[in-house]
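Shown next are two forms of a single protein chain, provided one at a time as structure tokens under the names structure 1 and structure 2.
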Structure 1
Amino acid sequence: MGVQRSTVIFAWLLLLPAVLYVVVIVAYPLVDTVILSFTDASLKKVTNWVGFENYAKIFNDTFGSVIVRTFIWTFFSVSIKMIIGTCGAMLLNAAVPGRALFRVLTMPPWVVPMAIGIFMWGWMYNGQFGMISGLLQRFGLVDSPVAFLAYGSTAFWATIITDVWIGVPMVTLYMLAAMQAIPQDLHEAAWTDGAGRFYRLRRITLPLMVPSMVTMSMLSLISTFNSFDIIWILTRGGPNGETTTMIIDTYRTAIGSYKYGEGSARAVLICIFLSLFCLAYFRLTSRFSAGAKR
């Protein structure tokens, strides 16, 4: 018994530095955000308590449409990432010559500074001189230059495609790992029974990858919802606010206009949404594991 207790104390001593660090740098600021969201904090010296005023303002503001846009943006970005990433993983899992090299070649968007990748996309989207518009013109698909970032609808999709591009390597590698974790003898047994490649894909590979897909889409959802660099560098939320997501609007309000209180209310809302996603995710996964046990 005495050994047990000392073991537990030792475990906590090992954990303490990391836990303390995260409490000071993440938990305390989180509480601070919630408190700030009920005040009119700004550059002024005096701060007043304003109750739910900041939250009430959010719904009178244009913020309602920003919330809807954020959900649409996240939905498309995550779905496209998952589809391209899973297909990519299947291709890179095929036992063909050159496979190792192909796997390395998928990694650059993930490992280079995000800003650099975004600059490259910014140039490609350039209407007068960019590659995409240039190639479209050369192949006769459009008559005149297309400035993708100048119009709301194209800018919206342009930011999504860039986000997909940055996220795809991560999804691909993760799905590749999930695929390789599937026991080979399942495939062998099915193969001896005369199951074809597509049958095995549909009945063995895909079902066994579902848990990994759920985990990956969850992680991807969190990072996509919080995606800042891409939109900020490409469009700053424009044109006409048509690429403004919650995170961009929060930054604008808090850091750009020094309205700390209103910005905090927006940040709290982001946290609430993300927590709800996580809760739904845990519900979903516990149902999966319960189903597996039965």
Structure 2
Amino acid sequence: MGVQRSTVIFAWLLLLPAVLYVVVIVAYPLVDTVILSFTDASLKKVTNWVGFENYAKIFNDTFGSVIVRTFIWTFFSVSIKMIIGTCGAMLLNAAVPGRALFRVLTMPPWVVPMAIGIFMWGWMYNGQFGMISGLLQRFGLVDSPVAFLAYGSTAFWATIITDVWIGVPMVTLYMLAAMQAIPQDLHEAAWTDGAGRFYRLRRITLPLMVPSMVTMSMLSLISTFNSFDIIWILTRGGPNGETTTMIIDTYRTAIGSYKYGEGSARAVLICIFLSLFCLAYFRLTSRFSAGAKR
């Protein structure tokens, strides 16, 4: 009995750092944010309890369009990253000369500090001295310099391209690892039976990669949905709010305008969306696990 009790105490001592981390770093800020979302907390006045007034303001102003824009931005960014990353993994997995070198060359966008990479893309998008505008003019595709970040439609896609450039290496390496985990015996048996390369890809490789694709898609979705650095450094949500996503609007409200209560309500809404994404991920992974056991 005494040995069992000491084992339990020792186990709790081992868990104590993780428990403290969750309570101090995760639970307390989350609870405090939820409480603030029901107040009119700001830098200029005494905090009062306002109930659901901050949440009502969210759906009464332009935040609805910000939500739609965030989902569109996330959808295109994640979709392009998954397509390019999966195709890149297939190419890196092929038996071609210099394969190791190509694998190394996929790393720079991920290794380079994010801020430096974003500033580099900002210079490339510049209409006066940017490389992209210069190349378009040299090849006769445009007649005058194009300031990609000065117009809503081009700025929106410019931020997506930058996010794709940063995120593709991680997707590529993850999908490459998933591809190499597929038993080679399955491909050899199919090849012996006369199956072609496309048939093996469609019937063996892709079906076995579906769980990894779902996992990578959800991780990329959560990261992209909550992305702040790319848009803030490139456009700060402009021009005219055309690249303002939920995280940018939350920052502007809470930090830029010192409306901590309204900003907290927006942050809680982001947390709810991310929680729904996580719930969907857990349900999908449990379904795949159940199917694998069968």
Partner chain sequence: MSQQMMINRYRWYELVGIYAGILLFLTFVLAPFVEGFLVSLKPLSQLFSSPYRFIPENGSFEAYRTMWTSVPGFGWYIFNSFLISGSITIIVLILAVPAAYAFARFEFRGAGLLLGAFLAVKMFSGAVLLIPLFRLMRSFGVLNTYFAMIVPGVAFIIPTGIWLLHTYMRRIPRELDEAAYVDGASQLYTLRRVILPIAMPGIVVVAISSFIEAYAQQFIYALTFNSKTEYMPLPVGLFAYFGRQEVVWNELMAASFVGIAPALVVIFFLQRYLVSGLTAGAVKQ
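These figures come from a predicted structure and were not determined experimentally. Here, residue number means position along structure 1's sequence, counting from 1. Between two forms, the rigid core is defined as the largest C-alpha subset superposing within 1.5 Å.
Annotation: structure 2 represents the form predicted alone, while structure 1 represents the other form. With the core held fixed between the two structures, residue 24 has its Cα displaced by under 2 Å.
Taking the rigid core as fixed, one finds a CA shift for residue 272 smaller than 2 Å between the two structures. When the core is overlaid, the C-alpha of residue 9 ends up 4.2 Å from its other position between the two structures.
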